[in-house]
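Encoded as structure tokens, the following chain is the form predicted on its own, with no partner shown.
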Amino acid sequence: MYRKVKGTQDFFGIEAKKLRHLEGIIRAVIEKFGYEEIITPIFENTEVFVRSSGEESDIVSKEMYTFDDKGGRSLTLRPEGTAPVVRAFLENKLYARRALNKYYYFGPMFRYERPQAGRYREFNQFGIEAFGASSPYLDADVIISAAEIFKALGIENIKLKINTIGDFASRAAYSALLKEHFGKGISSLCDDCARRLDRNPLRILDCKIDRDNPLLKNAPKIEAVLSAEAKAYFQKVLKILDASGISYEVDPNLVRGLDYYTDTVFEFILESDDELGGLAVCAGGKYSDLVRSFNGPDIPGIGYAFGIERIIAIMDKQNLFPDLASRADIVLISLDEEAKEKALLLARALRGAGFYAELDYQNFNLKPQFRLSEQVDAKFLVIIGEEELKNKQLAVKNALTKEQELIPETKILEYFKENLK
């Protein structure tokens, strides 16, 4: 037996429609905010992700699908969307187009993680990246766009958690404070935390293994070292969110450990009592140094990403999907070879007029063709036999009322345009 790889999924039938339905709603919302789509390759040179996430990050050290191609180049299936977008932004000199550039992406990502509720090794992600402005107004508008997506999807019980990790000066002071704090008890933490102590102690706060360790729980908070400018910036973001009617919780423990984050960081968390409760369904923040770290110009950015499988699971739980089942408008039933040819030509004309038309390609008996009409839940049946061909009339049966009438061939499109509005 051939089986799908652990941590992957097949989307078909209603599940495929859910994915596309979700995608359509998200696109409709985000394009009104001025974001345009960017599509990057599914794999990149490995250095793209090492440069953005850092060698000590879990993504790079544990989770990436990396391989050498036949030319000996190290390539990686993309584990996240920000780094490829930054690479494309620089390589194509998109920064020369305008002062502010706003992009969104939608597609598969790959991480070697333990599969669990809402988490897969191949997963779909929607995200945005805005380059060119360091502004609390932009930060707030980015968060507002995510809130509008949740609103459009109808998802309830979503909490916004937000924090600031300050500007570079604040972040450097905080790193020194954390290094002193964790240095006293580093032997009680995991090996990953020990490695991170000197390189980036903020990443210790992200540790999944030691998250309940008192050393982490009692770690100093960043507000102790925030500069006046960083405090004012964050308060402006919160003021705009207040004015926009978006509720939030300032969480001083929310610290995104990747090197490039500064100032505003945030997560949207699902509040529920089931296995999905507490999951971050959207996360993001501002990055002031990422573009420059790719040897690009000094251009700030901000972005976020949605986990699509998690959103689908939540919408299933909250019964938010509409009826996505497909119903055929018309099934064409043919009783001999000449009628089958007629049915095929008529199906083409009906489809060209915008109708969903189906037919059985091999049977002439009524029973299997009626069975097909039931399987696709057809609204109308068109029966073509010897008499219908001779008289150039088609027998049309309403599947709901069971009423049947003869319609001239030349009037058939007109008939369905009137009865399948």
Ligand code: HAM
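Start at 1 with the first residue shown and count on from there. Fair warning: this is a prediction, and the values are worked out from it, not measured in the lab.
Missing here is the form predicted together with histidyl-adenosine monophosphate (HAM); even so, the following discussion is about that form.
- For Gln125, a non-hydrogen atom is located within 4.5 Å of histidyl-adenosine monophosphate (HAM) in the model of the complex, even though that partner is not displayed.
- Within this chain, Ile186 is remote from the site of histidyl-adenosine monophosphate (HAM) in the model of the complex, having no heavy atom within 4.5 Å.
- Of the heavy atoms in Gly166, none are within 4.5 Å of histidyl-adenosine monophosphate (HAM) in the model of the complex.
- Shown alone here, Glu113 lies within 4.5 Å of histidyl-adenosine monophosphate (HAM) in the model of the complex, counting heavy atoms only.
- Considering histidyl-adenosine monophosphate (HAM) in the model of the complex, the lone stretch of 283 to 291, 157 to 165, 219 to 227, 88 to 96 in range is 283 to 291 [heavy atom distance within 4.5 Å].
- For the options Phe234, Phe106, Tyr260, Tyr103, the residue carrying a heavy atom within 4.5 angstroms of histidyl-adenosine monophosphate (HAM) in the model of the complex is Tyr260.
- Between histidyl-adenosine monophosphate (HAM) and the residues Thr82, Ser170, Ser145, Thr76, the one pair within 4.5 Å by heavy atoms in the model of the complex involves Thr82.
- With contact defined as any non-hydrogen atom lying within 4.5 angstroms of histidyl-adenosine monophosphate (HAM) in the model of the complex, the contacting residues in 291 to 306 are Gly303, Tyr304, Ala305, Phe306, given in sequence order.
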